[in-house]
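Let us start with two forms of the same protein chain, each given on its own as structure tokens and named structure 1 and structure 2.
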Structure 1
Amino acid sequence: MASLLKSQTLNASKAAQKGKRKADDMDVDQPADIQPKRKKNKQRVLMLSSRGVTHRMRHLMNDLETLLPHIKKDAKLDSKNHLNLLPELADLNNCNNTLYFEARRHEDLYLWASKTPNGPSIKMHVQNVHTMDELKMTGNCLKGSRGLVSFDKAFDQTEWGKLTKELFTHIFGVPPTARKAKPFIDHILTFSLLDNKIWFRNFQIVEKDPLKPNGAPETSLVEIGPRFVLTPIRIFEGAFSGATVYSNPEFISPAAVRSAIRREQGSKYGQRKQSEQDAERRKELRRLEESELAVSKVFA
């Protein structure tokens, strides 16, 4: 009986050791560190325009569509007074950024850049537009390739510059998972801030001098196009609406500039007419009265 008890306790201790060893093995097999998920860049941009765009504005939009493969182009927006429809259009097209080109009087072009649906949004005046076909630069890049986005250090000196830089990074930075993007980086998009205006240029990255094909690699930049200048007008808190975060006090609308020029031309005409009237008045004052020995009175 004692031997039976001894054998049972021995077997129970062995089973307990086996179970403990199995639990220890399970603890060892568990991974020590879990790698965090890599955040994916899922930026898509909806680009559309209003009615009344000219051929130059349309060619600029085509150039931007060629440069940015993650752009989704939509039809023209009929009404300029219903900008609240744009976040809904962006949501329907599965886009979280919007570029809206607004044409006025067939000569003035305004660009709205916005994060949808919550904002912010920037309204800018587009000037000095030169398209790729017009410039005929020697630079060239692969269609659908991703481009580096470079910003001037002056963007970090102001609050509105930091906000603009962050928004342009989301819009012009092509994600690597874009459907039409190719895994090459051969051009660079530069944004320079000068005189409170944003200057846009597009350059090709050339690693070898074409005049020295067998020489050492020398990195250089060759402009491709397009080029344009953006003047910030207002920054809104929401998407195409909301409170004004920044307002440019130096901006004067082109319609006001043209009105001032016409007013100046009209003032020149008024001054000329006024001088003619003054000359006639002085001529009347210099005229002498008719005397008694005048011919008209003697031979009357």
Structure 2
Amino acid sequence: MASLLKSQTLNASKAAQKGKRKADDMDVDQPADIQPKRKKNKQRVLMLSSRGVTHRMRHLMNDLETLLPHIKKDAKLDSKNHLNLLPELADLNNCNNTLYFEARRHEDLYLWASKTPNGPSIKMHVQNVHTMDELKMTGNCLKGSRGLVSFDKAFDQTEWGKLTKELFTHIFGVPPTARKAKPFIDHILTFSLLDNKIWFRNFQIVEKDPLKPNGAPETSLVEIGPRFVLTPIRIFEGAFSGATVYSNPEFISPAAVRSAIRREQGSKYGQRKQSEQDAERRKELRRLEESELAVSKVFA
């Protein structure tokens, strides 16, 4: 009995150990390490576009791909209606973030940024795209260097801003474990919140060894590009699906803007005709009866 009990307890402990060992394999903690291993920032971003992208959008995607070494570019997504395929694609490619560029009508670009297993997703409208190829962007940086990510204070003042800041830190901040990452820091990505839109700039950090070697290196910045403006439209609870947790009241879809402009142009004719009619009506109202001394009455 006692031996049975003993063996039972032994087996139980062994089993527990086995179970523990299995858990250990998953877990980062290993008995050998004295201090607990710190969690590493592991981010991989899947970047795709829909069909119907223009050359400017394509160049923007290429620029982002060269700037951020933890991005994996994938083929175009066929349909715009089956966004539920995206989390699966991300899983296939072992990515935990997604940047999806959706082009509508060959002129509007929307950017979806999301964390793929269950995370939130943000849909934004992209405007004012200037790519790196423009000759006014004179800066240059190491391909694959980890860039600084800088945020405005305004991101911390609203809840949706904080969420956006967190998401962008994951997506645009290169983790140190990225395969193609290079050692030095020579560029900075800035996100500024202005007029309820997110302005993106990318600068090269130049330690200006001045022409006269004073010995005082002063930092200066040169723009590398690309640059664009994002207008957040909605934030969804799930990845490309789910309930809306935030919607931007000031967003007007570009199609509505265009139709409003055209309607305004069309209303000119209508306004003119309307005012002509009003004038006639007023004339009628003011028309007096023929007075006693009118010619037709006197010389009847």
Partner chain sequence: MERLLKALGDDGLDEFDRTQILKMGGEDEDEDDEESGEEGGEGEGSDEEVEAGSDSEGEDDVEAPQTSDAEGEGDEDEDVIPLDEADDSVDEDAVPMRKVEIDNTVALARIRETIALDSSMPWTETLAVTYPHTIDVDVDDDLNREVAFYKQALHCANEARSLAAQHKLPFTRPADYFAEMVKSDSHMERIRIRLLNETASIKESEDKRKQREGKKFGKQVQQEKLKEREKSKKEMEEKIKGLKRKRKDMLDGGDATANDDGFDVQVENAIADKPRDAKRPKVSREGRDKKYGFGNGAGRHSKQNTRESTDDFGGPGGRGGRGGRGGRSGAGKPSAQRPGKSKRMNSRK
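As the structure is a computational prediction, the values presented were derived from the model and not from experiment. Each residue is numbered by where it sits in the sequence of structure 1, with counting from 1. Under this definition, the rigid core comprises the largest set of C-alpha atoms superposing within 1.5 Å between the forms.
The form predicted alone is structure 1, not structure 2. Of the two rigid parts that account for the motion between structures 1 and 2, one contains N128 and the other R272.
The chain behaves as two rigid parts between structures 1 and 2, and the smaller of them turns through 30 degrees against the larger. Lined up on the core, K283 has its CA atom moved by 12.9 Å between structures 1 and 2.
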